[in-house]
Structures are given as C-alpha cells and as structure tokens.
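A single chain comes next, written as structure tokens; it is the form predicted on its own.
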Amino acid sequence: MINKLVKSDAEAVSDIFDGATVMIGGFGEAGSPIELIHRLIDRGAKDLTVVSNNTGSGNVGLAALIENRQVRKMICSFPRTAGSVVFPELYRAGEIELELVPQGTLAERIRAGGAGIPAFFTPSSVNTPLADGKETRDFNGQTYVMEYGIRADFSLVKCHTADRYGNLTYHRTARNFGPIMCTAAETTIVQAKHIVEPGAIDPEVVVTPGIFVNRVVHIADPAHESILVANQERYPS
C-alpha cells in the first residue's frame, strides 16, 4: 500500500501549474480547505479554472485566490452570496469569466466526470439562458438539456479523518462536494484534521476510498472561514 502522507500543505500543492483546472470543495464555509487554498496562493499558479460551489467570502480562502488574480474562470452555482465582495466586482469589471451551473447539475457533472460518463441529459435550465447553445432532446414528452461531465487536473478537499492510505471520512455537511471531487481529478489533495493508523477507520464508514486520493496533509487546527471574515482578515495579509 502507498503512504499518501506529505510533510506540509505547501508540498501538497507544489505541482499545481498555470492554467490548471482545480476543483475546490466546500459549501460556503463547510468543507472549505482554507490552508490548501492559501498555499496555492503562495505558490502563485495563475490562469486557473476553478470549479466550486461558490466564490468564497471576505478576503480569505477562495475569495483571496480570486482577489490575487490567479483565477481566470469560475464554474460555480453561487457566484454571489452574502459574504461575496471580491468576485462580483471583478466580474463586473470583465476581469474574470463565469460559467453558471445549477447546483444539482454541477454535482452531477462532477460525479459524471468521476464515473467516466462524458455527458448526460437533465431538465434543469430548460427554457432559460443557461440552456442557450446546448443540445436538447425530448424523452417521453419532456425536454432535456445535455450537460458535459467535468474533470479536473487537481482537487483540493478537506476531510475530518484520514489514514496514510488516503481513506477518508467527513464531518457532517463538510462532506458536500468532497467525495465526488476526489473521483473527478487526476490528482486529489486532501487536508485532514485527524490522521489515524490504517484499520482505525471502520471500512463500513469510509466515504472516500484511498484509491481516489493522491496526497494527504495533516492540518490539526484548520481555519474557519467565518471567523477569519468576522475578524476582517486578509490573505496574504
């Protein structure tokens, strides 16, 4: 078995290259891998396409990555939320691209990419601007829009517990997009709050099997986006 543990979060993201497509887990704050994102900012990779549920909050995490002009395009469901201050401004200025995807469709596009399914049909977005230019087909009298599966060069994911072989469990809603993003990337990088010995995780409760994980880094005290935002912190400071 392969030991997936790496020594630092900086080492974990050290090969993310300019122009890469990067999936970033999280549903708002829940499951957002703040430390990995901040190390990606330090690395300086640019012209990234980022696939995530939203565009981050305040001036930390994903929002900070965007503010640092490292993201060329966002593929997401919620580009503007209560705490979004960076993305809307850059988008209005024409400095960043947006591909807006309904949340369920986004999840299925990622799942399909991980399962090797090139495309599928969904009723979501029929007769809306989001369907413009896309193939449609009728099944049993209902119109469906064709959507393509998404794959990425890298996924950045936060989990609760991991072993050195990359088997993962998650904490409640922090599970969100993490498991499917692990399957849909060429390289999956995970930050884990707890590292345990192989066998300590009951196989029946493993959510992401280690076969889908390439690197795990131990982050014992992960940052909470809401606290950083409440304290008006910025990254880089």
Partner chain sequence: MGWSRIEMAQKAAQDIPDGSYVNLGIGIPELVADHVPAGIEVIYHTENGLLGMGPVPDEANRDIELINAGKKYVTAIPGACYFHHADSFTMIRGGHLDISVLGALQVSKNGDLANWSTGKPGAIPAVGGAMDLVAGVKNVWVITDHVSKDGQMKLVNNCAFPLTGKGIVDRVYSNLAIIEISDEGLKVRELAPGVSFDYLQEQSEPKLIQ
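If you're wondering where the values come from, they're calculated on a predicted model, not measured in any experiment. Positions refer to the first chain, counted from 1.
The same protein also exists as the form predicted in complex with its partner chain; that form is not shown, yet it is the one meant from here on.
J.: Within 4.5 Å, heavy atoms only: does I2 come near its partner chain in the model of the complex?
T.: Taking the distances in the model of the complex, the answer for I2 is yes, it comes within 4.5 Å of its partner chain.
J.: In the model of the complex, does R43 come within 4.5 Å of its partner chain, counting heavy atoms only?
T.: Judged by the heavy-atom cut-off of 4.5 Å, R43 is well away from its partner chain in the model of the complex.
J.: Is there a non-hydrogen atom of T21 within 4.5 angstroms of a non-hydrogen atom of its partner chain in the model of the complex?
T.: Although its partner chain is absent here, T21 would stay clear of it in the model of the complex, with no heavy atoms inside 4.5 Å.
J.: Although its partner chain is absent from this view, report whether V196 comes within 4.5 Å of it in the model of the complex, heavy atoms only.
T.: V196: no contact with its partner chain in the model of the complex.
J.: Given its partner chain in the model of the complex, answer whether the residues S77, E108 and P129 all have a heavy atom inside 4.5 Å of it.
T.: Result yes, every residue of the spot touches its partner chain.
J.: Going by its partner chain in the model of the complex, which residues of 158-175 come within 4.5 Å of it through any heavy atom?
T.: Sequence-ordered list: K158, D163, R164, Y165, N167, H171, R172, T173, A174, R175.
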